[in-house]
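In the form predicted on its own, a lone chain appears below as structure tokens.
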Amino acid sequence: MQEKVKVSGGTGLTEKEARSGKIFYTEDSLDCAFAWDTGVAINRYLAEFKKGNIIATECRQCNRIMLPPRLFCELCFVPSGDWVYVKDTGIVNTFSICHVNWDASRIKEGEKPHLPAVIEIDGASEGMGIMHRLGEVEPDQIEIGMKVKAVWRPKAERTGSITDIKYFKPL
């Protein structure tokens, strides 16, 4: 007797049952539209990107400048204070040399690897920043602590998204 495979939330089948041709199934493709509400803090953050600015929020209790901005401090749970403009420069906190595309397919032979990095933004508290990509740099030149600056899209091309910054380049 073949042991049935235990499946949470469904009925397990033996391989023999699955291959018998007596199992009914259907295939479908859903045409779904999705919407995402950014919320108050991220909405303003992205609106400032469109203007070429990076904005954070301040916690008056623990004196942190939080980036990305949030409406409350996740450490002391008090509402955020003032909005604070920070610089579009920072340092590389960590990075990767990525030989796959953003859709998880392999890059083609001869293509340069992608260079995602976490950038600690100047003016934000230590450890606060954003994940983005590096550009105008060779992979073997990247170092933790390297100073970088945002390269912004032309104003007419900005849409109010994180991609309004094309990449960060070394200073």
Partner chain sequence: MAILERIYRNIDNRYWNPGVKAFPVKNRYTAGVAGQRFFEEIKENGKIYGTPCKNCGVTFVPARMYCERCFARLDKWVDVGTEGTVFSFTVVHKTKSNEPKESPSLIAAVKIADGLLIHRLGKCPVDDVWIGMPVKAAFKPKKERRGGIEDIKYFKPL
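On a predicted model such as this, the values are computed, not experimentally measured, just so you know. Numbering follows the first chain given and starts at 1. So that the term is clear: the rigid core is the largest set of C-alpha atoms that superpose within 1.5 Å between two forms.
What comes next is about the form predicted in complex with its partner chain, which does not appear here.
Its partner chain is not drawn, but in the predicted complex it has a heavy atom within 4.5 Å of Val40. Lys112 falls outside the set of residues with a heavy atom inside 4.5 Å of its partner chain in the predicted complex.
Lys155 falls outside the set of residues with a heavy atom inside 4.5 Å of its partner chain in the predicted complex. Contact between Ala47 and its partner chain in the predicted complex is found at the 4.5 Å heavy atom cutoff. The partner is not shown here, but in the predicted complex the stretch 66-82 reaches within 4.5 angstroms of its partner chain through a heavy atom at Arg70, Leu71, Ser80, Gly81, Asp82.
Core-superposed comparison between the shown form and the other one: CA of Phe34 displaced by 2 Å or more. For Arg19, a C-alpha deviation of 2 angstroms or more is recorded between the shown form and the other one after rigid-core alignment.
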